[in-house]
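Just one chain follows, in the form predicted on its own, and it is written as structure tokens.
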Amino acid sequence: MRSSNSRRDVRSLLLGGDVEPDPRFTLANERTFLAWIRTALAVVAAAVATETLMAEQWPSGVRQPVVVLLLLAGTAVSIGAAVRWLTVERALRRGRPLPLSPLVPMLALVVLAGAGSFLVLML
């Protein structure tokens, strides 16, 4: 009985609002979160692949900043995914408009910077 109340308190503290949203919307929010986590894992995997596969082609002075940038981007995407999930869940419970995601422009900039760097290195 006590754990049920403490769980409810944590839920209320994190999510706010007493109105449970439609489960379809909550589950859609979770699917979106998982999609962002997959993206974060792909970015981290790209960092590992860059470090491993490009060791002989790129000097370490070029390769290491790219790897660090990719690792930071993967970390930022995973943190941003958690924050986005929480803000969307709160908006659903309070009946407010859904917030815009800062992840999309941030990831677009990282991909643009990566593609531009790759083109410069290949030319």
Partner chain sequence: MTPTDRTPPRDPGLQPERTSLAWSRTVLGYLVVATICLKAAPQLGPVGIVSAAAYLTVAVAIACSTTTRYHRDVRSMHIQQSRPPLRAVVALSAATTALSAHLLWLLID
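Since this is a predicted model, take the numbers as computed values, not measurements. Residue numbers count along the first chain shown, from 1.
Unshown form predicted in complex with its partner chain; subsequent notes refer to it.
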Close approach of Val44 to its partner chain in the predicted bound form, 4.5 Å, heavy atom = yes
Residue contact check: Gly114 to its partner chain in the predicted bound form, 4.5 Å heavy atom | no
Using a 4.5 Å heavy atom cut-off, state whether Val88 contacts its partner chain in the predicted bound form.
-> no
Counting only non-hydrogen atoms and a 4.5 angstroms cut-off, does Arg94 reach its partner chain in the predicted bound form?
-> no
Looking at its partner chain in the predicted bound form, is some heavy atom of each of Phe33, Val67 and Leu71 within 4.5 Å of it?
-> yes
What residues in 74-88 sit within 4.5 Å of its partner chain in the predicted bound form, counting heavy atoms only?
-> Gly74, Thr75, Ser78, Ile79, Ala82, Trp85, Leu86
